[in-house]
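Next up: just one chain, as structure tokens, the form predicted alone.
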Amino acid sequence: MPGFELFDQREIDAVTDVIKRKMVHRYSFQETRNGIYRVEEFEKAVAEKFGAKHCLAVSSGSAALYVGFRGLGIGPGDEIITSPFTFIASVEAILECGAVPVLAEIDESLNLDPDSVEDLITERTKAIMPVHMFGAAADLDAFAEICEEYGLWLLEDSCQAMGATYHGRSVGTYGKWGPYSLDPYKLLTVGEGGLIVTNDDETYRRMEYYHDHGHIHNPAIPRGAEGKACLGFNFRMSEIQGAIGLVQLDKLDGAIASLRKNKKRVLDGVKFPEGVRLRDLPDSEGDIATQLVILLPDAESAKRFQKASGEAGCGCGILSGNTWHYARHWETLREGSYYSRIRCPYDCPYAEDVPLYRPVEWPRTQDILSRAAVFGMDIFMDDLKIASMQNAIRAGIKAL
């Protein structure tokens, strides 16, 4: 799946060009760079491709989440409802603002369950943030309706789903903002990097200032004299990353088409018995097919399926054991393990009730993930690899 599968001479040439020109900083040296700004070109190309008014490039997907929260003024005591099945950065970005992550349940799409969030809304809730897991959209219509009813922001954690759509519209563009991760595991990668798309002018302006120490970014004025709009921090993307991103973006559609083709080929060669099915996606047409998830009848069936498929030569994971993406395994979250003396929101006068983040708090999530088997898909899969995955799935089904 990773975009580095697609690296070739074009990425090498793009990086070489930046190095030869000695212009690695995205803003400085206006007088000698001949008007060439690769990060800005990348931002404009992404915004145009995905139908967003604005795009801001930053240093990582984690930074994209954090800068997005800062752009909205999220702070101590504010509550953000999100998913217990996500990468921990979704939660860490909230905590870095001193705010409170409130973790609801997932449904059989593996995304946040709309039916689980309303009972968690309080007077301190500011936003609901579904996470588009494994390249497929959550039920955005349902979340938009809830957010409108309660006067909340709809935020989309789209870090794992760049290129996915929901009813024909790019994920990340439905809510107030949406980030994309460009790390080494993503379909489009620049090594480390992130993007935030938004259609809101004020939110974009505040994020742009904040991500670069408050600079107002006027290329007509030397950087040291342009003045600042606010205090901020450094989450800039470099010109090297921007140059790679431009090349990778041109390859994205082809990569998605290849993944979808490979997933279809695998599925065309297997037949699921009653009680075995794919995860339930709100819009299966918009899935970018980075993973193949099969839901088994129960946890014991999933273990037998996993054992048999592995013995057949193509192993799978059971998602309840996924320490990277499941809050059940995050002891640091339960313990509030900080290096700072002030551990807001854990020790914070603005946060009245901080969840305990205990594994027992997500019974439906545990049930779903304990019977969810996942295979990773690759952009390039020859006939032998397709057949190997099919054989493994058949062996797993036979073991049920």
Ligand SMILES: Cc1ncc(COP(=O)(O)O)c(C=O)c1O
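The first residue of the shown sequence is 1; numbering continues from there. Small disclaimer: the values here were computed from a predicted structure and weren't measured.
The same protein also has a form predicted in complex with the ligand, omitted here; what follows describes it.
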If contact means a heavy atom within 4.5 Å, which one of 162 to 170, 304 to 312, 138 to 146, 85 to 93 is the stretch that engages the ligand in the predicted bound form? 85 to 93
Check, residue by residue, if 62, 131 and 157 all come within 4.5 Å of the ligand in the predicted bound form, counting heavy atoms only. yes
Answer option from 211, 186, 328, 263, heavy atom within 4.5 Å of the ligand in the predicted bound form: 186
Considering only heavy atoms, tell me if residue 111 and the ligand come within 4.5 Å of each other in the predicted bound form. no
Considering only heavy atoms, tell me if residue 245 and the ligand come within 4.5 Å of each other in the predicted bound form. no
4.5 Å heavy atom contact, residue 193 to the ligand in the predicted bound form: yes
